[in-house]
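Shown next as structure tokens: one chain only, the form predicted alone.
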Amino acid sequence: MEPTKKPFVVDVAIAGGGIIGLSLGLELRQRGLSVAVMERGQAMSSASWAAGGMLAVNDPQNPPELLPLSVRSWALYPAYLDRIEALSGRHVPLRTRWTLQHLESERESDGVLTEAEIVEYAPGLDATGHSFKLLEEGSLDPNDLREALPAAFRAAEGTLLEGTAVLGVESTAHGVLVETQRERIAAGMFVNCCGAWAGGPRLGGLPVVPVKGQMANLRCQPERLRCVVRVPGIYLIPRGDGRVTIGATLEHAGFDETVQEPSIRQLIEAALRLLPEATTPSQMESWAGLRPGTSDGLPILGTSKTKHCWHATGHYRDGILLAPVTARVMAQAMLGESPDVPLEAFTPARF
């Protein structure tokens, strides 16, 4: 009989190699802990890659309880990107720094932009029927992070195990034993960062559901749209190189990630009403991703019912925005420190 292979030992085991899991792993490595991140597929290949990349701190659709996390994360973003770039050697620029936000009500008269002011930020925009205010919000291209963040985590001497699904987590006297497709991992702590897949029974059965979003790219002269534009039902995100990312649908379709032409066509029609000079590429660029949704629209951050286990998931449409602050407050909570932002509103125990 062959001897049982000894488990791989780390301080923290993280399930989920998207932006949340890798950002937390990077934060913990900076604090000197050994970290293994397990990803069932390829790192940064699901919602983290499919996202629009808006750092939508003041999106009126966000729950008000989210604002303290959003504001703190926006403040952390410059240092977060600097660290990723220094480790990976790959530049992750902010592609835009402003957002034109549609005003839902005539009562929101403060700060309404004039036509001349709109032209300054979006000369090609047809603002007919819309009132806008200007928000200082950035956006980035998730493809830039897709290249840089896994490389940064590896450069920080974190262990990234791709193609490694978590099969089960067992709490022990001093930590956890994680069973994967490849090997066993013994860790002092385990964190569920599995995004839309975080609700599986093997991970604690959280009430996280996938919310499908379909998106596409149009083309436009870069100087004709210099900021993000958000109106009901559609947003436009210029990448600064002629691409304009448009999105996104909100669909409760289980784990279906197929792209459906009628949905993309509706997005394109809505986008062209706002930016009539935009064109569709000869080879249409469209894709879909699965956001991790919760019933109250807030992320799940905190301890699990299982000893030595934690959750950091449920970020819905704001995973890119909230990655730096999630990494910060989760590391603080896990190490017994007082988090920068109180986590009571985000506790898993609220369900």
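When you see a residue number, it is the position in the sequence shown, counting from 1. Fair warning: this is a prediction, and the values are worked out from it, not measured in the lab.
What comes next is about the form predicted together with a small molecule, which does not appear here.
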Within 4.5 Å, heavy atoms only: does G18 come near the small molecule in the model of the complex? yes
Report whether the minimum heavy atom distance between C193 and the small molecule in the model of the complex is within 4.5 Å. yes
Against the small molecule in the model of the complex, would S48 count as a contact residue? Criterion: heavy atoms within 4.5 Å. yes
Looking at the partner-bound form in the model of the complex, is W310 within 4.5 Å of the small molecule by any heavy atom? no
Single option in L301, L66, L290, L28 placed near the small molecule in the model of the complex, where near means a heavy atom within 4.5 Å: L290
Candidate from M215, L206, M189, L125 lying within 4.5 Å of the small molecule in the model of the complex - any heavy atom: M215
Mind checking whether each of N58, H102 and F132 has a heavy atom within 4.5 Å of the small molecule in the model of the complex? no
Only one of 66 to 74, 35 to 43, 278 to 286, 302 to 310 has heavy atoms within 4.5 Å of the small molecule in the model of the complex; I'd like to know which. 35 to 43
